[in-house]
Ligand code: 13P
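Only one chain is given next, in structure tokens, and it is the form predicted on its own.
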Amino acid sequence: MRKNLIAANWKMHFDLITALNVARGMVEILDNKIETVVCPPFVYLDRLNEIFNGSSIWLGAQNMHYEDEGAFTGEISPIMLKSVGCKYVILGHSERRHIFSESDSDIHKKVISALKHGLKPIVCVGETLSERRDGRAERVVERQIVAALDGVDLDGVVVAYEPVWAIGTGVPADVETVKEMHGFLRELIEDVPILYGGSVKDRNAFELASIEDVDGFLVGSASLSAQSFKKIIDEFEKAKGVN
């Protein structure tokens, strides 16, 4: 049975004091049944691990290098992430692909490395607006999936569909688009949990969660508040009938 999962991607937000306060607020109010992950900036991982320890919240990172160690100035290894309590790591986010030019090959190596070290990768895929308008959305997403997961044991892998044109725009993909793409992905990766990400808010969480092949969310800006993040989780659980 596929598990449900909701992950918060804080991206490059918060100073230390704010991050700690939001994390403490989440520990106080999140008592949900489904697996919940928070992915803060690297510099806060150790401190948030202390706060989340013993709670229902798992710690995740936003990225990692595929090498264990070496002369890679500014990079973070999977061993480092494990040592500060990480269970999950986001890989292949569209901002990494399009702003920092990460290739399919890079992401594949990161997935293999994450699994090798006991980290659960949340592998992001998604098309740009021009690719969708050109009728290439499924082709692009299939290429990304096949490249990232080639030869990989899928146990422990999570996939997140995030249409690039919906990320941070406030305009989520419509229900039919999400339903079609998640159905397409389900044919490629039958038992792998598939999250939806892209302008998820409490006002659309129930409708999106009602789609059969949506197993959870990867939440961006709406996860920067403990209250709004909890509302999204509550709406998801309501839609899925989680008691």
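All residue numbers are counted from 1 along the displayed sequence. Values in this document were obtained by computation on a predicted structure and should not be read as measured data.
Omitted here: the form predicted together with ligand 13P. The next part is about that form.
Within 4.5 Å of any heavy atom of ligand 13P in the predicted complex lies no heavy atom of Glu131. Interface residue remark: Ser221 is counted as part of the site for ligand 13P in the predicted complex, having a heavy atom within 4.5 Å. At the 4.5 Å threshold, heavy atoms of Glu162 reach ligand 13P in the predicted complex.
Ligand 13P in the predicted complex is approached by Gly168, whose closest heavy atom lies within 4.5 angstroms of it. This chain appears without its partner; in the predicted complex, the one residue of Glu95, Glu75, Glu142, Glu102 with a heavy atom within 4.5 Å of ligand 13P is Glu95. For ligand 13P in the predicted complex, the listed stretch (33 to 41, 66 to 74, 185 to 193, 198 to 206) containing residues with heavy atoms inside 4.5 Å is 198 to 206. For the partner-free chain shown, just Lys11 of 10 to 30 comes within 4.5 angstroms of ligand 13P in the predicted complex, judged by any non-hydrogen atom.
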